[in-house]
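The form predicted alone is given below as one chain in structure tokens.
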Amino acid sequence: MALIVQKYGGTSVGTIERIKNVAAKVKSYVDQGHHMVVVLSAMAGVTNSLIELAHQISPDPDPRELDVLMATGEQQSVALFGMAARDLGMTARSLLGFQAAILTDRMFGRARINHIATERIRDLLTRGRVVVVAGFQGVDEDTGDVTTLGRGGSDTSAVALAGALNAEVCEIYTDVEGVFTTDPNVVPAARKLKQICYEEMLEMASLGAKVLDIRSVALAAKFGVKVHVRSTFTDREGTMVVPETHIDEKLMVSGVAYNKNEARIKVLGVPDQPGVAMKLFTPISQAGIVIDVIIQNTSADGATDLTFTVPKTDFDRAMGLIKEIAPQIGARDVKGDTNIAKVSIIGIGMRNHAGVATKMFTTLARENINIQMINTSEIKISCVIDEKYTELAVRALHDAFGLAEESAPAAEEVA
């Protein structure tokens, strides 16, 4: 008998029939004697329709009221699940974020979980109840206002609950069978990984892979939560996200990720003086815009060029800010480009193996793909390229590192 937290995404509960199927799947666990906490997203399409309604009322909806509105999507899901569970003979209790005591900060639309008071959930579990928690939402611990956690927030809710409750495992049910070596829509031969460590999954999530929300992976790593990513629509095993020490085989490269939501800004003729970069980037940071790759050219005649990337969705805001700042710091010009993408290879086995970078660069050169920017960490190499070559680059790198094969090259096989 174990305590298991399961999360079902919007596609998994997208219709009444699918909600009934999820209830039946949960019952199979209950029949085995497990204690169950089930986290549900809103039915597929509901959150988007609620946002659309809000914008029909106002072009700039009040963030607090928007959170109140969006939280109703998950309220609908957990209530319907509770009814389905009862018809199957289970005693389930639905809890909204505030009832489950998921306490957050006050950042409406992108709140962060500060603490979960688990007493009520534990009491319900002790009494044999299936606890059904509305994902994606919480409550501001100071005011009691409803908050939402942003896109992917139900993953975060589930992992946070699993950590707070010391669950045996957190199962993330979605419409894919696990974590693949790359996007199967780009490379049909992409292979499902049996295991992946937290570090690799964090890199993949940050680099464009959409299987798990990055905050949920960070929480899993922090609290040592084992995460099982699997499909709602099959009974096959998925991918286990675990500590590196639990990985049986450390592959040289575990996956290829890509992100087309990238834009580049180049600030030309920046005075090469202390404090200039601070003046340039502080307003960007204060606007909540995330800067990724930064390159500074070698200084010539007391001036340099600064190039950096931001999410494409923030490009216009970032350009507006930089064009405002540039004259103040004495920069010569500002240029931008939204036709770029980032392609990355990830793998804990690439540590201290220079041959991996050479192989990546050689592969891209062979396809006549120009590398515009490079960013690295211990377990990833990212290249900024023209967006039109994204799929070609992904396929070429996937083939070059043998990721479609059942036995991809391990770390010790790198030349």
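Note that this is a predicted model, so its numbers are computed, not measured. Throughout, we count residues from 1 along the sequence that is shown.
The same protein also has a form predicted in complex with a small molecule, omitted here; what follows describes it.
In the predicted complex, at least one heavy atom of A42 sits within 4.5 Å of a heavy atom of the small molecule. Contact annotation for E74: at least one heavy atom lies within 4.5 Å of the small molecule in the predicted complex. Interface residue remark: G152 is counted as part of the site for the small molecule in the predicted complex, having a heavy atom within 4.5 Å. For T47, a non-hydrogen atom is located within 4.5 Å of the small molecule in the predicted complex, even though that partner is not displayed. Here the chain stands by itself, but in the predicted complex one stretch of 294-302, 270-278, 152-160, 94-102, 152-160, has heavy atoms within 4.5 Å of the small molecule.
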